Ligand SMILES: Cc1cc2nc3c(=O)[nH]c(=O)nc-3n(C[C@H](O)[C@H](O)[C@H](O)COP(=O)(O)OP(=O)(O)OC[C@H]3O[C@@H](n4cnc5c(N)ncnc54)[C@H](O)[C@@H]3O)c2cc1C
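Given as structure tokens, the chain that follows is alone and in the form predicted on its own.
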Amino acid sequence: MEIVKKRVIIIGGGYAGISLIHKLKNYNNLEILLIDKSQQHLLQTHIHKYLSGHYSESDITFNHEKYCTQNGVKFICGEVVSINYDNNYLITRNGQLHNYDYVIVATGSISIFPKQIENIVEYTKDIKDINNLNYYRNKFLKILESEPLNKSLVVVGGGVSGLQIACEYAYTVQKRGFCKDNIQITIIEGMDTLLPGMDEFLINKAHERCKELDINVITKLFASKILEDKILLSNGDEVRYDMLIFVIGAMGNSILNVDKKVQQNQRNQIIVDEYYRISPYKNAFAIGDIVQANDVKSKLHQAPTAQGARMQAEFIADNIINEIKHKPLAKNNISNKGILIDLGGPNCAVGRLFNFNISGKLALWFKKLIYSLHSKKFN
């Protein structure tokens, strides 16, 4: 007798979506469909290397259709505009209807651009888009190739992404033989320190590295207004710029027409139950940056990281297979293992893994290992 395959639709081909496909692709009783707005998977954790010219586009992007074809998965380049959870189907922007047995929302996140910052829409671009990355990369390389005298590059946001971008830029500037009088890199962070809320060891290392790289660090001040060539800060000070990047956080990339029964937090993240199900639906799950879920050890909300997305994907994959086999579902057992931050340069990284502080070559080695393990899925 022919086995009827269960249809799994994954919405979003970021870290979470691709990790889920990688885990499920060899399970013969599933028909898997990936839907994503982009033809490309973007390695968000390494965009700083691309922005500086150190990596090429092929180092940080992979073709969704090629990957899916190689792994027996169907791919549709399109945008899901609504999900009918009660009747198990979704609709894409071009009007196509797709039925499912299981749906997994893995739409990721988009950058936050607070409306209270005057002119922010006119003078900023979302670095989660490859076209915008190309814009910033080309602008930076043009500055390097010109006669850089008194140029100013400003990164607003001193979290992990902002810090990595600023350090990578500053290291590249020094490597080219320029000093801060030629090109000044500035980080603006509204909180008291860089990496706000993180371990003191990481914070101290971040500030030390910025000092080594001659990065101008401005803390405790927020951007209030953006003009064509300068930022006005909350205390009235002005910071001139030739190039400006905003990296001040992210919010869930929610589907256009949200089911009123689906709970979301203020950042548009879906609140899931202990099985990562979208309550009250038993065959709908959410993973990755779009999710608000708790770390089982800290009891705090999980940080939206590539590491968390991968662990969530593997967890959901096991539970989908458990349900198909009529086995009990496992409850959330996910806990953050640590963090690794690239601080620019061949041996400059810092991290905290399994409650141990690491830095230098060892931290960078672990970061490269994680990169290779993820990119290996595409080869």
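Worth saying up front: this structure is predicted, and the values here are computed from it rather than measured. Note that residue numbering follows the sequence shown and begins at 1.
Same protein, other form: the form predicted together with the named molecule, not shown, and the subject of what follows.
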### Query
Looking in the model of the complex, any heavy atom of K37 within 4.5 Å of the named molecule?
yes
### Task
May I ask you to check whether K367 falls inside a 4.5 Å heavy atom distance of the named molecule in the model of the complex?
yes
### Query
Quick one: does P304 come within 4.5 Å of the named molecule in the model of the complex, counting heavy atoms only?
yes
### Message
Since only the chain is shown here, I'm wondering whether Q44 would be in contact with the named molecule in the model of the complex (any heavy atom pair within 4.5 Å).
### Response
yes
## Note on the structure
As a check of understanding, the residue in Q184, T107, Q269, T172 with any heavy atom within 4.5 Å of the named molecule in the model of the complex should be identified as T107
### Query
Any idea which of 173-181, 277-285, 218-226, 250-258 reaches within 4.5 Å of the named molecule in the model of the complex, heavy atoms considered?
250-258
### Task
Check each residue of 120-135 against the named molecule in the model of the complex and list those with a heavy atom within 4.5 Å, in sequence order.
I127, K128
